[in-house]
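Given next, in structure tokens, is a single chain: the form predicted alone.
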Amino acid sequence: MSFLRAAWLVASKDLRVELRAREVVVAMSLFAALVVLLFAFAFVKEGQTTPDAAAGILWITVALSGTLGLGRAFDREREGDTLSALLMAPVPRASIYVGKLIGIAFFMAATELVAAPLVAIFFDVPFGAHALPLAGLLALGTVGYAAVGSLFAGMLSRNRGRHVLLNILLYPIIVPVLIAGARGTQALLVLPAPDTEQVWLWVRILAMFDVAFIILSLWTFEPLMTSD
């Protein structure tokens, strides 16, 4: 079985399960809406918004809601006692990592479709006028977040304290993703015209992070998931 076909089978399995249960995306979306609403009450005073805060709030919302999806990435395999069978399948273990990455990125993208319009509405920022570059920033940031999260979620899947340890390990590593995403988004909101040079700078940084961490994860996922 080819590497990409095996990865797609793992991802499609996760997507089919989610389409039936509708628990991860719904929980992530509701959590994202709640976070944006809380920030709106905190930062919007007498109808006056703080546009500079909108970019950071968007990415904080993406990060926090994404953690819910990561927590379930390998939990289903553990609860159904299928993780060992999945690891024994005659496919490269790195393809399992790629399949999980695709599934998590899909869940996060669905959440971002909820979070971004809410931030645009509550903070009165013109995300719609910059939809394509914003989509590019969110896509690169989502892939980077999912790349880091999939590796750590798999590594900790057999650990009893995995949910606590996942947060401890994850957030320090994804700080560059959140900073680059927030600064790139903020550059889109510069008036009277976006700071295109700054946007492309942060896009390149996100792309380099994604490539570097995915390559590193493909090398290390198999030894990390090998049973003693």
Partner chain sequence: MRPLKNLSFLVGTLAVAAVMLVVPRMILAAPVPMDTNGVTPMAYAQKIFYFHVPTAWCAYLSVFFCAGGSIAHLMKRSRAGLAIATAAAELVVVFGLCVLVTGPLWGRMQWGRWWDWTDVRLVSTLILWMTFVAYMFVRRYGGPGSEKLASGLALFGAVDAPITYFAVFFWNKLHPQATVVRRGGMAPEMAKAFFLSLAAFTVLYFLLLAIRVRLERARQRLDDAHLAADEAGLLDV
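Residue numbers count along the first chain shown, from 1. All figures in this text were calculated on a predicted structure; none of them were measured in a lab.
Absent from the display: the form predicted together with the partner chain. The rest refers to it.
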query	finding
All of 113, 139 and 145 with a heavy atom within 4.5 Å of the partner chain in the predicted bound form	no
Stretch in contact in the predicted bound form with the partner chain, which is absent here, among 175-183, 65-73, 52-60, 32-40 (heavy atoms within 4.5 Å)	175-183
The single option of 156, 91, 98, 86 touching the partner chain in the predicted bound form, heavy atom within 4.5 Å	156
Partner contact for residue 201 in the predicted bound form: the partner chain, 4.5 angstroms, heavy atom	yes
Interface membership of residue 151, the partner chain in the predicted bound form, 4.5 Å heavy atom rule	yes
Residue 9: touches the partner chain in the predicted bound form, heavy atom cutoff 4.5 angstroms	no
Contact of residue 25 with the partner chain in the predicted bound form (heavy atom, 4.5 Å)	no
Those residues of 105-133 which, in the predicted bound form, come within 4.5 Å of the partner chain by heavy atom	none
